[in-house]
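Only one chain is shown below, in C-alpha coordinates, and it's the form predicted on its own.
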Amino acid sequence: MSAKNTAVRYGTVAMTLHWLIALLIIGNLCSGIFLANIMDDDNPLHFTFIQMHKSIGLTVLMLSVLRLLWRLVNPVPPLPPGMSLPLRIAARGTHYLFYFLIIAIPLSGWAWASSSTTGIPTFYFGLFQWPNIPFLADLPHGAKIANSHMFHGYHVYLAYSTAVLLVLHVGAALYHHYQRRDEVLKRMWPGARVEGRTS
(Lines give C-alpha, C1' and ligand atoms only; values in the text may rest on other atoms or scores of the structure.)
Protein backbone atom coordinates (compact mmCIF):
# COMPACT_ATOMS: atom_id res chain seq x y z
CA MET A 1 0.00 0.00 0.00
CA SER A 2 1.30 3.42 -0.95
CA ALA A 3 2.23 5.97 1.69
CA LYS A 4 0.58 8.66 -0.43
CA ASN A 5 -3.07 8.94 -1.41
CA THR A 6 -4.05 7.52 -4.77
CA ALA A 7 -7.02 8.07 -7.04
CA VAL A 8 -8.88 5.18 -5.38
CA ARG A 9 -7.88 5.15 -1.72
CA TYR A 10 -6.07 6.92 1.10
CA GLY A 11 -2.41 6.12 1.68
CA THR A 12 -0.90 4.73 4.86
CA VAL A 13 0.13 8.16 6.19
CA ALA A 14 -3.35 9.70 5.90
CA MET A 15 -4.95 6.49 7.15
CA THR A 16 -2.68 6.24 10.20
CA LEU A 17 -3.21 9.89 11.11
CA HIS A 18 -6.97 9.57 10.63
CA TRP A 19 -7.43 6.60 12.95
CA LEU A 20 -4.87 7.73 15.51
CA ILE A 21 -6.40 11.20 15.82
CA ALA A 22 -9.90 9.67 15.95
CA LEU A 23 -8.96 7.36 18.83
CA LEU A 24 -7.21 10.13 20.75
CA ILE A 25 -10.14 12.53 20.31
CA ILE A 26 -12.71 9.93 21.40
CA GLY A 27 -10.55 9.11 24.43
CA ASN A 28 -10.17 12.77 25.34
CA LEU A 29 -13.87 13.47 24.89
CA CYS A 30 -14.60 10.67 27.36
CA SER A 31 -11.93 11.83 29.81
CA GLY A 32 -13.16 15.42 29.55
CA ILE A 33 -16.70 14.37 30.44
CA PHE A 34 -15.32 12.22 33.27
CA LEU A 35 -13.25 15.10 34.68
CA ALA A 36 -16.06 17.63 34.38
CA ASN A 37 -18.93 15.55 35.72
CA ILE A 38 -17.66 12.54 37.68
CA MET A 39 -14.23 13.00 39.25
CA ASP A 40 -14.02 15.38 42.20
CA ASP A 41 -11.36 18.09 42.16
CA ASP A 42 -9.99 16.85 45.49
CA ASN A 43 -9.47 13.32 44.20
CA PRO A 44 -5.75 12.40 44.48
CA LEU A 45 -5.78 11.26 40.83
CA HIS A 46 -7.36 14.47 39.52
CA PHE A 47 -4.03 16.16 38.76
CA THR A 48 -2.77 13.05 36.91
CA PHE A 49 -5.94 12.84 34.82
CA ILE A 50 -5.77 16.55 33.98
CA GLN A 51 -2.15 16.26 32.88
CA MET A 52 -2.95 13.21 30.75
CA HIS A 53 -5.94 14.97 29.19
CA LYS A 54 -3.84 18.00 28.31
CA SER A 55 -0.97 15.87 26.99
CA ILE A 56 -3.28 13.90 24.70
CA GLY A 57 -4.90 17.14 23.53
CA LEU A 58 -1.53 18.65 22.64
CA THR A 59 -0.65 15.45 20.78
CA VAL A 60 -3.89 15.79 18.80
CA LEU A 61 -2.94 19.38 17.98
CA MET A 62 0.47 18.39 16.62
CA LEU A 63 -0.88 15.41 14.68
CA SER A 64 -3.74 17.51 13.29
CA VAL A 65 -1.38 20.17 11.98
CA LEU A 66 0.70 17.40 10.41
CA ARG A 67 -2.42 15.87 8.89
CA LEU A 68 -3.49 19.22 7.45
CA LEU A 69 -0.07 19.77 5.90
CA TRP A 70 -0.12 16.24 4.47
CA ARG A 71 -3.61 16.87 3.10
CA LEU A 72 -2.41 20.01 1.30
CA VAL A 73 0.24 18.09 -0.65
CA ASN A 74 -1.76 14.88 -1.12
CA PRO A 75 -5.11 15.26 -2.92
CA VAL A 76 -7.84 13.06 -1.47
CA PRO A 77 -9.52 10.39 -3.61
CA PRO A 78 -12.54 11.70 -5.51
CA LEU A 79 -16.03 11.08 -4.18
CA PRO A 80 -17.79 8.02 -5.60
CA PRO A 81 -19.92 8.39 -8.75
CA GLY A 82 -23.63 9.00 -8.46
CA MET A 83 -23.55 11.25 -5.41
CA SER A 84 -25.91 14.21 -5.60
CA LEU A 85 -24.60 17.74 -5.27
CA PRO A 86 -26.05 18.20 -1.73
CA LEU A 87 -24.34 14.98 -0.58
CA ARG A 88 -21.06 16.11 -2.13
CA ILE A 89 -21.30 19.49 -0.40
CA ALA A 90 -22.14 17.81 2.90
CA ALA A 91 -19.24 15.37 2.56
CA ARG A 92 -16.65 18.03 1.78
CA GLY A 93 -18.10 20.44 4.32
CA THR A 94 -17.90 17.81 7.05
CA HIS A 95 -14.25 17.16 6.27
CA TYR A 96 -13.38 20.87 6.39
CA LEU A 97 -15.28 21.24 9.67
CA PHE A 98 -13.39 18.29 11.14
CA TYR A 99 -10.06 19.85 10.19
CA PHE A 100 -11.13 23.03 11.96
CA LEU A 101 -12.34 21.24 15.08
CA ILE A 102 -9.39 18.88 15.58
CA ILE A 103 -7.12 21.93 15.64
CA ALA A 104 -9.46 24.37 17.41
CA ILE A 105 -10.33 22.08 20.35
CA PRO A 106 -6.77 21.47 21.59
CA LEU A 107 -5.80 25.04 20.72
CA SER A 108 -8.63 26.38 22.87
CA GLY A 109 -7.56 24.03 25.67
CA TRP A 110 -3.99 25.28 25.44
CA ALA A 111 -5.27 28.87 25.52
CA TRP A 112 -7.42 28.01 28.55
CA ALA A 113 -4.45 26.52 30.40
CA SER A 114 -2.28 29.50 29.42
CA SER A 115 -4.88 31.88 30.86
CA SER A 116 -5.19 30.03 34.16
CA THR A 117 -4.42 31.97 37.34
CA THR A 118 -3.52 28.83 39.31
CA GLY A 119 0.04 28.71 38.01
CA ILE A 120 -0.13 24.93 37.58
CA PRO A 121 2.21 23.97 34.71
CA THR A 122 1.45 21.48 31.96
CA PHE A 123 3.76 18.46 31.93
CA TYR A 124 3.71 16.68 28.57
CA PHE A 125 3.32 13.03 29.59
CA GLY A 126 5.63 13.83 32.50
CA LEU A 127 8.58 14.31 30.12
CA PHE A 128 8.93 18.09 30.10
CA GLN A 129 7.01 21.25 30.90
CA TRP A 130 4.92 22.46 27.96
CA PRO A 131 5.11 26.26 27.58
CA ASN A 132 2.06 28.47 27.92
CA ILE A 133 1.10 30.83 25.13
CA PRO A 134 3.18 33.91 26.12
CA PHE A 135 0.77 36.72 25.21
CA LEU A 136 -1.97 35.02 27.26
CA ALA A 137 0.16 33.93 30.21
CA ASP A 138 1.64 37.41 30.64
CA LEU A 139 -1.69 39.25 30.87
CA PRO A 140 -2.83 40.92 34.13
CA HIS A 141 -4.72 38.79 36.66
CA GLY A 142 -8.15 40.21 35.79
CA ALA A 143 -7.70 39.72 32.07
CA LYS A 144 -6.52 36.15 32.61
CA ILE A 145 -9.68 35.35 34.60
CA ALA A 146 -11.88 36.70 31.79
CA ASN A 147 -9.89 34.82 29.14
CA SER A 148 -9.93 31.63 31.18
CA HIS A 149 -13.74 31.66 31.31
CA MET A 150 -13.94 32.49 27.61
CA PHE A 151 -11.56 29.78 26.41
CA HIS A 152 -13.12 27.24 28.76
CA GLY A 153 -16.47 27.95 27.11
CA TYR A 154 -14.97 27.62 23.64
CA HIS A 155 -13.31 24.35 24.62
CA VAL A 156 -16.53 22.83 25.94
CA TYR A 157 -18.71 23.94 23.01
CA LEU A 158 -16.17 22.77 20.44
CA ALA A 159 -15.85 19.42 22.20
CA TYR A 160 -19.61 18.80 22.21
CA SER A 161 -19.80 19.91 18.57
CA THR A 162 -17.13 17.37 17.72
CA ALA A 163 -19.03 14.63 19.54
CA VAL A 164 -22.13 15.38 17.46
CA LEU A 165 -20.11 15.54 14.24
CA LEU A 166 -18.44 12.22 15.07
CA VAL A 167 -21.83 10.52 15.36
CA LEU A 168 -22.90 12.01 12.02
CA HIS A 169 -19.57 11.04 10.43
CA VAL A 170 -19.83 7.41 11.57
CA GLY A 171 -23.47 7.30 10.47
CA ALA A 172 -22.55 8.65 7.04
CA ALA A 173 -19.74 6.10 6.66
CA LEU A 174 -22.14 3.26 7.52
CA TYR A 175 -24.74 4.71 5.14
CA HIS A 176 -22.21 4.67 2.31
CA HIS A 177 -21.10 1.14 3.13
CA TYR A 178 -24.44 -0.58 3.72
CA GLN A 179 -26.98 1.57 1.85
CA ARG A 180 -25.10 3.01 -1.11
CA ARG A 181 -22.64 0.10 -1.17
CA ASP A 182 -19.82 2.27 -2.45
CA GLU A 183 -16.17 2.33 -1.33
CA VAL A 184 -16.06 5.44 0.86
CA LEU A 185 -15.49 3.44 4.06
CA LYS A 186 -13.23 0.86 2.44
CA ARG A 187 -10.74 3.37 1.12
CA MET A 188 -10.01 4.54 4.69
CA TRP A 189 -10.15 1.05 6.22
CA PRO A 190 -6.75 -0.68 6.61
CA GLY A 191 -6.46 -3.78 4.48
CA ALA A 192 -9.82 -3.37 2.76
CA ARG A 193 -9.92 -4.24 -0.92
CA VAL A 194 -10.89 -1.32 -3.16
CA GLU A 195 -12.00 -2.01 -6.70
CA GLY A 196 -10.86 1.37 -7.96
CA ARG A 197 -14.06 2.97 -9.22
CA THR A 198 -13.76 6.75 -9.38
CA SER A 199 -16.16 9.53 -10.26
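Throughout, we count residues from 1 along the sequence that is shown. All values derive from a computational prediction rather than experimental measurement.
Not pictured, yet referred to below: the form predicted together with ligand HEM.
When ligand HEM is considered in the predicted complex, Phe123 lies well away from it, no heavy atom lying within 4.5 Å. Ligand HEM in the predicted complex comes within 4.5 Å of a heavy atom belonging to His169. Although the partner is absent here, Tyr178 is not a contact residue: none of its heavy atoms lies within 4.5 angstroms of ligand HEM in the predicted complex. At a distance threshold of 4.5 angstroms between non-hydrogen atoms, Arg92 is in contact with ligand HEM in the predicted complex. Shown without its partner, the chain has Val60, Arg67, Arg71 in segment 59 to 73 as residues with a non-hydrogen atom within 4.5 angstroms of ligand HEM in the predicted complex.
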